[in-house]
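Heads up, the chain below is alone and in the form predicted alone; it's given as C-alpha cells.
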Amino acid sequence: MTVTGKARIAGVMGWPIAHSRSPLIHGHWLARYGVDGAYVPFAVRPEHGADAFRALAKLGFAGTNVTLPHKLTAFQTVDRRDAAAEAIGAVNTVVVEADGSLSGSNTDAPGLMAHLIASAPDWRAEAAPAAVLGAGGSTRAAIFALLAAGSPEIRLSNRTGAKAEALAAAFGPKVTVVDWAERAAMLDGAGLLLNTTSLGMTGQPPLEIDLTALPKAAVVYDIVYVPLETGLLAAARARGNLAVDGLGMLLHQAAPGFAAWFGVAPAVDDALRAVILKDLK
C-alpha cells in the first residue's frame, strides 16, 4: 500500500482514543485493497468536538468515525442525518460531501443486522418476538434494526425500568417493557435473545438470566466481545441455542464508512476477524 499526496484520509475521533480498534479494521482493508489512503485516530477533547467536525472539510478529510464522547455532538453538528441516526439520536459515521457539507449516519443498526443475518441465516425477525436486555445507545440501535426488519414485538427489560419505559415510548407500541425481576419470563416464545448491556463483560458483574423458557430454536446474541465467549453465550450453547458473539457487529458497522470514504465495499470475513482476535489476546 502506497500513500501519495492524492490519498484519501479518514479517521476516528474520540476522547480518549487509544483503545479504539477502528484503525486495525480500516488499516487491514486499506492494505488488502491497495487503497491510496490512510486512516488515523485523533484524540479530541469533548469541548472541541463541534469545531473538529467543522474542520474536516478544510483539512481534506473524507470523513471520520465517531466514538465517545462525541456521538451526540456529531448528531448536532452534521448538516444531514440518516433515518437510523435520527431514531437512535447519535451519529457514529461522518462523510464529507463534495460540497464540504457533512452527512451523518449511525451504522450500529445495520451492522448488528448484517452480522445477525450472516451468523444466523435461518433467523427471521418477523417470525417471533425478540427479547432485548438494556436501555442504552446500543439498545436503541438494536430496537431500530429489529423494527425495520419486521419484528412483531420487542420485549424490553432493563435494570433501571424508567430508561426502558422511555425507549418504549420513543419507539411505539411494538415495544413492551418487562420488569427486570421478570426478565426470564419474557423469553417464552421468543425467537431472539439480545443482550445490549455491559453485564458479562470483563470487569463487570455477570448477566444472570434463566434460559429455561427460551425455545431451543431461538438465537442468542451478546454484543459483548470481551470476553468473546460470555457466560450467556456459553449457557446458550450448552442447551443447544445458536450463540452469536458481539465482535461481528464491530466489524460490520465499520464497512459503510470505509465504502463511503475510500470507494471500496470491504469484505467482513475470517481474515479481518483474525486481525482483531489477535489484538484481543
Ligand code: ATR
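Residue numbers run from 1 along the displayed sequence. None of these values were measured; they are calculated from a predicted model.
As for the form predicted together with the named molecule, it is not shown, yet the points below apply to it.
J.: Answer yes if any heavy atom of Ser138 is within 4.5 Å of a heavy atom of the named molecule in the predicted bound form; otherwise answer no.
T.: Contact with the named molecule, yes.
J.: Find out whether any non-hydrogen atom of Thr202 is located within 4.5 angstroms of the named molecule in the predicted bound form, and reply yes or no.
T.: Thr202 lies outside the contact set for the named molecule.
J.: Going by a heavy atom distance of 4.5 Å, is Lys163 a contact of the named molecule in the predicted bound form?
T.: Yes, contact at 4.5 Å.
J.: May I ask you to check whether Gly111 falls inside a 4.5 Å heavy atom distance of the named molecule in the predicted bound form?
T.: Contact check for Gly111: no, nothing within 4.5 Å of the named molecule in the predicted bound form.
J.: Want to guess which of 124-132, 151-159, 111-119, 79-87 is within 4.5 Å of the named molecule in the predicted bound form, heavy atoms only?
T.: Going through the listed ranges, the match is 151-159.
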